[in-house]
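What follows is one chain in structure tokens, specifically the form predicted alone.
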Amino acid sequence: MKNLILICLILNVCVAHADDGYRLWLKYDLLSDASKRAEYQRFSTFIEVRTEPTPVVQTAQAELKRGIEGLLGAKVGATAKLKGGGIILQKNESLPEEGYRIESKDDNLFISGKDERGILYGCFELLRLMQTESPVSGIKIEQAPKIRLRMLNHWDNPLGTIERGYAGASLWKWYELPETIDPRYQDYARANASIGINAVAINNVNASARFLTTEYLSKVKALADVFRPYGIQVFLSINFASPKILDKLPNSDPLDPDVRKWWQEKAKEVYRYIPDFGGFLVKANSEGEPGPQEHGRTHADGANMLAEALRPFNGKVIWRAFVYSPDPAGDRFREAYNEFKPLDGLFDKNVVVQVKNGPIDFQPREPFHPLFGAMPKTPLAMEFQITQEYLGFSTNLVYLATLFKECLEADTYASGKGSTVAKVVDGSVHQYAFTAIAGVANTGSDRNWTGHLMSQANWYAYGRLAWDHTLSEAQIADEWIKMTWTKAPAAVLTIKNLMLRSREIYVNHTTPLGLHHVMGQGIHFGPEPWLSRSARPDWTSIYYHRADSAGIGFNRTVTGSNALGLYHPEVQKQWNNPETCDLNYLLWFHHVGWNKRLSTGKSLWDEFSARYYQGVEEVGWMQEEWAKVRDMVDPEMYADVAGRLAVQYREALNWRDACVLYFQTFSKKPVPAPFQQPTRTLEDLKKIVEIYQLK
């Protein structure tokens, strides 16, 4: 009997300790530091609400109670019984919109918000401080979001698939809605609210018109009802040809009175279902999607028609600038600029143009998009990709905060030095009346939400930077590690260092020195630098790398496509001279000879090859570093990441060997010492990549 009891106790301990990642960064496990528990307990005997108990405020109160009771292991009362020792939730009209203040005063903690969302965000901030064991005694902090609309874009489809989704099927169980509400919807909303996300577009930008039918609006309403108490608005991606598809109108011309009336009536219907509906997200005249250009109209004509329909309800139109023509003699880099720059000032006030961070398509490294700083009369929203479409899917560890920050801190020089991309997006440079930022979501039906546990950090980091782009990638990583993995100082330092180096490591073993768009066709996985045929020339690899016997790279200077000329002169100076160009962007802007001596002292070929080999070695280093924290983190979660790092090592070898062998056919040079020639042949690698593309 004693042995049986002992076994049961051991099993209980194991079950309690095991973690599958579902709780994300909202674990609220009992704090091990007794002194910190005592400090927080001083202010946690009760929670008092001194404002209207709206659903959002009630959510804030319930979350605070849940978090404190988990972290401190003590019950929290609902009303004051003493003069001090509690947390007071209240309004403060002097604060900025959605802003909050946390202040220790009269032996109580006051969480004040300009509005109900401000109170909610203040409660999550206090819980973050407690989770990371930060001091709260004598605290007085005040924060407000720098960007007004902080959105996730879901590329989810009606049948449950996700375009560029790597963590299972869609979260939204369309066939069960609206009758069945999966508890996961609320957990998703909690996670978003905890990092300040206040809007979601729930369906793919390659949109099905079905989402505007009565059948689907009732389903969308059910989701909106779950999200509303967490301060989250719902947006819909729309198919521009919906009038023609759904109601057989002769066309979808935005200047046709019947089409305009159709959208006005549809907007009224949407708002009857969802009174606080956010608006429409639109991908038009891009990659085959319908749009106004089919009728001889401009993007502004199309956006303004929708803006007119949404205006009575204060809805927004978010019009994506991801457009490009299939011109084999052109440069995709220029396309969005060429189409949108002439329209600056022609969009209605409730239209925001959403621009990807770079001019091609979410590559591991891109120069910032030249439209940022070029449209002073049109609010531009940033579009980042959180899902790792070009960054190893869910098998590669790549911390994207470094990528986000690199773009946000880039200087456009639009209004002189210091006109960073971040300050363009937050309205500081051009005084935009409305500001927005979007991240393409990496969530799916996998139990741990994001496939790779470490990819949760990218969701978290996006939200934190959308709220405050001045936060450092190191600070965000530190928070996330302590809330998700461990507070052990040695482990935190090791994991943080690994995360901060991970993006550069990925670039090294896939696309060094500014190489770009050489991944596998269709699914965008693995290397395929030899790709020369596709449905469009700008979907091939040779379109971008331009490798020949002389060298490699896309000449975008004045002697080439002159895409560099789209930037302000001060930016051009950084990249226009191959002798001084940052090596990270060298092949983005220059066709460079294989023998060209670089600032590293090596020839281009030797440096190019060395980075691939070093990238593989660095993935090996990541495995060694991860092994150091084995006994300091949850064993189930540790094993999951360790397994994916092993996969990443294999994939890094494939990238290295495929690219070195392929480009060696042009350079005709040996792999530089001390590295060894790959043992596999180029044909071996081509067969592997062909298997990747099989359906």
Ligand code: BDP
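Please read these numbers as outputs of a predicted model, since none were measured by experiment. Numbers follow the displayed sequence, beginning with 1.
If you look for the form predicted in complex with the ligand, you will not find it shown, but the lines that follow are about it.
This chain is displayed alone, yet in the model of the complex one of 582, 215, 287, 106 has a heavy atom within 4.5 Å of the ligand; that residue is 287. Think of it this way: in the model of the complex, the ligand has a heavy atom of just one of 258, 163, 97, 548 within 4.5 Å, and the residue is 163.
Heavy atoms within 4.5 Å of the ligand in the model of the complex are found in exactly one of 477-485, 404-412, 203-211, 190-198, that being 203-211.
At a distance threshold of 4.5 angstroms between non-hydrogen atoms, residue 299 is out of contact with the ligand in the model of the complex.
Using a 4.5 angstroms limit between non-hydrogen atoms, residue 91 is distant from the ligand in the model of the complex. Contact annotation for residue 528: none of its heavy atoms lies within 4.5 Å of the ligand in the model of the complex.
Proximity of residue 341 to the ligand in the model of the complex: non-hydrogen atoms within 4.5 Å are absent; the residue sits far from the partner. Residues 389, 390 of 385-415 are found to place at least one heavy atom within 4.5 Å of the ligand in the model of the complex.
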